[in-house]
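Shown next as structure tokens: one chain only, the form predicted on its own.
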């Protein structure tokens, strides 16, 4: 059964930036949009495994720093013309704290 885990305070994630959360199973990039919307995705581009946490966020997408693939942070899908999908995680903000469902 999955549970909600507190991972970071919202104010510790820069606007249009990310924080890397390490779990025993995978690394997760947690992004904060300009509207304080928060997204969580496995920190590996579906193309060649590039670190999405080091990419540039624009709107609700991130551009992989290795080969410029654009990934939708809500679905994990690569945007056309590229194909592939990364793992996304349920995320919520309560009381200024960010929680992941793991």
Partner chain sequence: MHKENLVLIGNGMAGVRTLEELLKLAPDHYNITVFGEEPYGNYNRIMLSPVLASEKTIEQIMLNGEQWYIDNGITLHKGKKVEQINRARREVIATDGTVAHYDRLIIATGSVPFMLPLPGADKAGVIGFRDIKDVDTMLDTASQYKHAVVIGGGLLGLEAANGLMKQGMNVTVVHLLDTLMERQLDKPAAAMLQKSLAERGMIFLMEHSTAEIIGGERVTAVRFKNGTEIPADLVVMAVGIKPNTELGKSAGLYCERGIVVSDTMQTITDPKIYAIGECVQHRGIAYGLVAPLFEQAKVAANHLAKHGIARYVGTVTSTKLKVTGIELFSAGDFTGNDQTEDIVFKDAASGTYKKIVLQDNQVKGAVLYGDTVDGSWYFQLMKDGTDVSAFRDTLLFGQHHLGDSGHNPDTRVASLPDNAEICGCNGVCKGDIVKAITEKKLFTLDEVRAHTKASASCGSCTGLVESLLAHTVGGDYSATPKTKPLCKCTDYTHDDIRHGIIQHSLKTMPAVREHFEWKTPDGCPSCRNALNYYLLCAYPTEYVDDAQSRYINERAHGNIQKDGSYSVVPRMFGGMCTSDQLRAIADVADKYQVPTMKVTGGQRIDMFGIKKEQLPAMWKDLSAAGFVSGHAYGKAMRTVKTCVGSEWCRFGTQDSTGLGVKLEELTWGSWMPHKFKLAVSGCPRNCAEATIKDIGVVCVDSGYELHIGGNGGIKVRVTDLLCKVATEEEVLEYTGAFCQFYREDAHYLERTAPWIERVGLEKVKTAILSDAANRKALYERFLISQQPAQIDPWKARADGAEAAEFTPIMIEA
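Because the structure is a prediction, the values reported are computed rather than measured. Numbering follows the first chain given and starts at 1.
Keep in mind the form predicted together with its partner chain is missing from the figure; the text below concerns it.
Interface membership of residue 57, defined by any non-hydrogen atom within 4.5 Å of its partner chain in the predicted complex, is confirmed. Its partner chain in the predicted complex comes within 4.5 Å of no heavy atom belonging to residue 88. At a distance threshold of 4.5 angstroms between non-hydrogen atoms, residue 78 is out of contact with its partner chain in the predicted complex.
Using a 4.5 Å cutoff between non-hydrogen atoms, residue 69 counts as a contact of its partner chain in the predicted complex. Annotation for 40-55: interface residues with its partner chain in the predicted complex are 48, 51, 53, 54, 55 [heavy atom within 4.5 Å].
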